[in-house]
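Quick setup: one chain, the form predicted alone, written in structure tokens, and binding and motion questions come after.
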């Protein structure tokens, strides 16, 4: 069994350093984070952010809160004095995500956090064995294209189902990130989609079949940085060309079938070890 040392920082110290306002999560004392990630690109957050981190961002949309939840972040700092709306606050509170607001910009916030003084406590994380499902379960969902207000809700439900079954948290995180990226692709590029989750002791499979414009060149679409997203979609923090690469990175097996002007079928497999 491997042990990994992790340096942690109290969120209270970050709040004080940034002179930040508490939006959600009033019980900040004794809360801590294990990393800091600053970005306005949510696909980058999902691809490179580490669980237990705090997210610094200038975006102020529900996708920020959902991305933080999928990536297992503990807190969000909204920069330049931005205050989230009630939907964002409700989602964050329901998922126990702390939200702060600071007048600092991204550069200033990063510098201040890097200069936090005092001893940094150390904890040891012990690798835990994978929990397995006791029964085979299957669930179906629907996604509507261009419905950005509800984008991420299917992935949120899938994550909740897997947590209730008792799968390992690291496995659930990989599945949540993959399904969220797939869901956002549907919302941005398709008319609608049917989603099927199948989970057993050996494997978890997520199938997403959409109706839409399809993918002209799958090999090109799999390259990091390639995107056909609009400026409006990029303003939400997506469309950075990391969607399909993120799914491939987090899954054990990925199959994509697509027909131009008809739609795409994505099958994502995760092996329960």
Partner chain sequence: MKLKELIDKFELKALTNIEDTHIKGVYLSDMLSDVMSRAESGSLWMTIQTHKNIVSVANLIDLSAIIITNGKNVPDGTIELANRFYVNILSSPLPTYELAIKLVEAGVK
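Just so it is clear, the structure is predicted and the values come from calculations on it, not from any experiment. Residue numbers count along the first chain shown, from 1.
The form predicted in complex with its partner chain is left out here; the points below concern that form.
- Between its partner chain and the residues 80, 89, 173, 198, the one pair within 4.5 Å by heavy atoms in the predicted complex involves 80.
- Between its partner chain and the residues 97, 113, 71, 154, the one pair within 4.5 Å by heavy atoms in the predicted complex involves 113.
- Between 156-164, 198-206, 136-144, 101-109, the stretch whose residues reach within 4.5 angstroms of its partner chain in the predicted complex through a non-hydrogen atom is 101-109.
- Using a 4.5 angstroms threshold between heavy atoms, residue 38 counts as touching its partner chain in the predicted complex.
- Interface residue remark: residue 52 is not counted as part of the site for its partner chain in the predicted complex, having no heavy atom within 4.5 Å.
- Its partner chain is not drawn, but in the predicted complex it has a heavy atom within 4.5 Å of residue 59.
- Contact annotation for residue 211: none of its heavy atoms lies within 4.5 Å of its partner chain in the predicted complex.
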